[in-house]
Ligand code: ARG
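First, one chain by itself in structure tokens, the form predicted alone.
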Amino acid sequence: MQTTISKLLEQRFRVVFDRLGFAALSPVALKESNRPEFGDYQVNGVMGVAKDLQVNPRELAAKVIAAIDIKDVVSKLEVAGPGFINITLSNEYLGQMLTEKLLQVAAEKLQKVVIDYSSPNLAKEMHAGHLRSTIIGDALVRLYEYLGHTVIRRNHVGDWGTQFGMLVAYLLETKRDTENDLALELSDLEDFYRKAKVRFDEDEQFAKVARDCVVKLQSGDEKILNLWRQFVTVSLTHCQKIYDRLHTKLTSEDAVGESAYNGLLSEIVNDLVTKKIAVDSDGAKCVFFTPEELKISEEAPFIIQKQDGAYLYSTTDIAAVYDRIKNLHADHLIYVIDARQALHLKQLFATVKKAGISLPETIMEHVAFGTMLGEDNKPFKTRSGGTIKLMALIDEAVLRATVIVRERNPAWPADKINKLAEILGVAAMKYADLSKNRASDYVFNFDQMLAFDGNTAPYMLYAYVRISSIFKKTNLAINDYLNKKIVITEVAERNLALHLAKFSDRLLQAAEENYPHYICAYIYDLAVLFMRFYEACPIIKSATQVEHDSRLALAALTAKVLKMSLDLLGIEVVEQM
């Protein structure tokens, strides 16, 4: 394992800052250069020190350059502008960095991380809105695991409460209370839920029976519990089919429903009341915050128990935090949840801190994401205004991919076309989402996501196929060239090599900020730079054996980084397109 470029440069300049006696005055402020003609990196910290010391920043920067020991890494250091230090890495150093060790990236401090994502309501089928949480969360799981953290996946499914009393009541009313009848009735979860909701809204007697079923469910009535268990099993089986098609790491063992925390809820409420964190408000138990505590102007109370004694999502969420910290011993909690839940999570985090449930060192983060929009820039819906089932969306993506694959490969047999179309359709959906800044809304567009140009899954998969074909045509193996010596002589070689060398830094940045789109942007640029290199620098017909092996080594490492990065996004590579 080797240090990243940015860490190495930071360390070398930090030593000089310490030696010259102004380390405490300013950070090194290292950043990647956005103007290649001025170098590869830039140190900006000298200007802040010069201002504090009231000295000439260019003269101070020159002193730093004179004092630093970095000749083994850089070919040029120069003072620019009002006191920037421009850094140009040496070709020899870049060549030395580009081995398989480049892929061995690890976080500085390893943690036990619980990532809460997907979290569908088991009363209905998963819809298009569940796509973002599921695939963003899964990408973070893969990334954190790759960096060496211990990761626990948590699919906090909604499997408790009034809606389940309503559904059980409807099952009983329709006399479908055997396992076979239940499976038949739930073959279309959405239709079943809709029918039950109509009865609940329109018939007060039915609503009373439904509420009685909730009481029986919570008190452990075996008949009601048995129906509930069957309902949960059918629902989770449906969810798992989607998780498998989306190529995620979620399994049935990761699904921990709200029901799992039922035994903790009264204890949680009593503890918060005893500590005077929760108070009585018109019969309800609430936690109140000052605007300063939440750093927002809203003063909405965090209700943990209703007037009738019923518990809420907030109570269950507190219990889940308790379990994750006290029983799972998690250091870091990540919630991949819609941005619209920001206030709820701020209240949750503040409550568990007040109650001493979380430790001072516990990290709790809301990884928020925006809304998936239709081409009318409104929340994604069917033409009739209904929610779009996620399975139907996947089917449509694969169907469109099938047409594309068949047009490109008319001689292929149907099974081969269908296999590639499944991979391509799912990859296109996932990559289109993950390549966007998660905090932003984005427009869902099949034509754009299935295009073979631009920052899309088809373009990335095709880039891998192109590189892989170079080795296949010459009966060479990619792995045999991963540690060959790389000699950089051409501009296109250097540009590709420099970008490859930033792989470790980009992964660490993506994890630090929980932004998978950094990985997408990185590999898109990588694919573009490889094509420029491929066009400018003959590989197989290189002038010398040294050039031949070096360029194959660059190609091999590019393929390896592409494959590894796509895997971190939960996307399978293919060998033919």
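From a predicted model like this one, the values you see are computed outputs, not experimental measurements. The numbering used is simple: start at 1 and walk along the sequence shown.
Heads up, the form predicted in complex with the ligand isn't pictured, but that's what we're talking about next.
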Tell me which of 331 to 339, 405 to 413, 74 to 82, 134 to 142 has residues with heavy atoms within 4.5 angstroms of the ligand in the predicted complex? 331 to 339
Checking His238, His156, Lys436, His149 against the ligand in the predicted complex, the residue with a non-hydrogen atom inside 4.5 angstroms turns out to be His156
By the heavy atom within 4.5 Å rule, which residue out of Tyr442, Tyr313, Tyr459, Phe471 makes contact with the ligand in the predicted complex? Tyr313
Could you confirm whether Thr351 comes within 4.5 Å of the ligand in the predicted complex, counting heavy atoms only? no
Evaluate Glu125 for contact with the ligand in the predicted complex, applying a 4.5 angstroms cut-off between non-hydrogen atoms, and reply yes or no. no
Given that the ligand is not shown alongside this chain, does Gln163 nevertheless sit within 4.5 Å of it in the predicted complex, heavy atom to heavy atom? no
Closest heavy atom of Asn121 to the ligand in the predicted complex, within 4.5 Å or not? yes
